[in-house]
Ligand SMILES: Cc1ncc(COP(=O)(O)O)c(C=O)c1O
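Here you get one chain, nothing else, as structure tokens; it is the form predicted on its own.
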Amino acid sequence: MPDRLQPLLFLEAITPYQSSVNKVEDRGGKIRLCYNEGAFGPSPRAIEAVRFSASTQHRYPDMGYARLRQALADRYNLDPLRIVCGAGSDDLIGLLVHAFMREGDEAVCSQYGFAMYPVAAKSVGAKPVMALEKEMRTDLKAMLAAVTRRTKMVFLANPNNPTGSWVARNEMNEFLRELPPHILVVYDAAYADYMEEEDYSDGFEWVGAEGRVCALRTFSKIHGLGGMRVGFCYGPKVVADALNRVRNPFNVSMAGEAAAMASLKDQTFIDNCRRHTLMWREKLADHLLAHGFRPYPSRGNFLLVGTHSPEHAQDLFRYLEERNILIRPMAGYGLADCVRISVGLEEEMKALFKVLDEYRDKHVKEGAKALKESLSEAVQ
């Protein structure tokens, strides 16, 4: 008998998922451009729905969240019996892994995909296999090449976080044709609401009743309900049945269900959020380019930004943090020379631009001073 409590050995391989930005320190007037949150917060309708539900919070929520599933089915033309809701996409990713993977299995992920995918796989002793990307873009051929007889699941975010890249419908169709039929494809469309391209798919079209694709969506981004923790999975019957067997019975709160249902009805709010995000994402990219940074093309509510070096990325992060603007360092994703910046409100973006101008001027002055000193030394 062991003399102390010990977790399963394979859990030691997991690095807990956590932000490099201090959650305690990011309050008190600081501008949060680090978490890809919806710039406008929740819809006014969602806020009112939460207020209305406040007096009934002593009641347990509906274990089957039937009203929310029906609202989602009506909104996206889906079968409500194949919708499973959860506490955000993270909850559903974990449930999928626990339902369909075991120790020794493999899950194929893109090199710079969402960090929760490998964490979830490792939580059951499975092995995440990372397929290299090309120019910060998911390489579907590399993902196919990474498939082995042990592969049980493929994770694919489209658009992808943190790179912002995306793959077209025809690329996915070819990928699905070549992928062995027994592998479950987890198609994570958390940022689908920001897409405008006609050749993009949110994944619902590939979810057949007896298929092997399940599509994830979240209310944490354009709906501005990150704190409510509401997401949903649309999958084949076997997936929905398995998730309903392993999920907690009350994994969506009454307030979260009310907020999500109200937000689905506020299309004007969603359209305004999309227009604002696309406009300021473009302005941010232009401003960063003018300052010598490399913003990668993005279809999310954020930009991945390349700097000159890991030291430069850290210097930029600290400079902004000292001026109450929080962005996200990307060293944890293997992108130490990059940062990620979310799109915020207009006044927040203007404040960011002002500080970026100051940062540029500071480096110009420092560079001129260093050049002057080096010339002086050369003369001496």
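All residue numbers refer to positions in the sequence shown, first residue = 1. Quantities reported herein were computed from a predicted structural model and do not represent experimental measurements.
What comes next is about the form predicted in complex with the named molecule, which is not displayed.
With the partner omitted from this view, the residue of 220, 251, 201, 151 that lies near the named molecule in the predicted complex is 220 [heavy atom within 4.5 Å]. Among 191, 269, 100, 280, the residue placing a heavy atom within 4.5 Å of the named molecule in the predicted complex is 191. The named molecule is not drawn, but in the predicted complex it has no heavy atom within 4.5 Å of residue 224. Although the partner is absent here, residue 259 is not a contact residue: none of its heavy atoms lies within 4.5 angstroms of the named molecule in the predicted complex. Using a 4.5 angstroms threshold between heavy atoms, residue 229 counts as touching the named molecule in the predicted complex. Proximity of residue 157 to the named molecule in the predicted complex: non-hydrogen atoms within 4.5 Å are present. Of the candidate stretches 142-150, 178-186, 114-122, 201-209, only 114-122 has residues with heavy atoms within 4.5 Å of the named molecule in the predicted complex.
Of all the residues from 73-91, those having a non-hydrogen atom no more than 4.5 Å from the named molecule in the predicted complex are 88, 89, 90.
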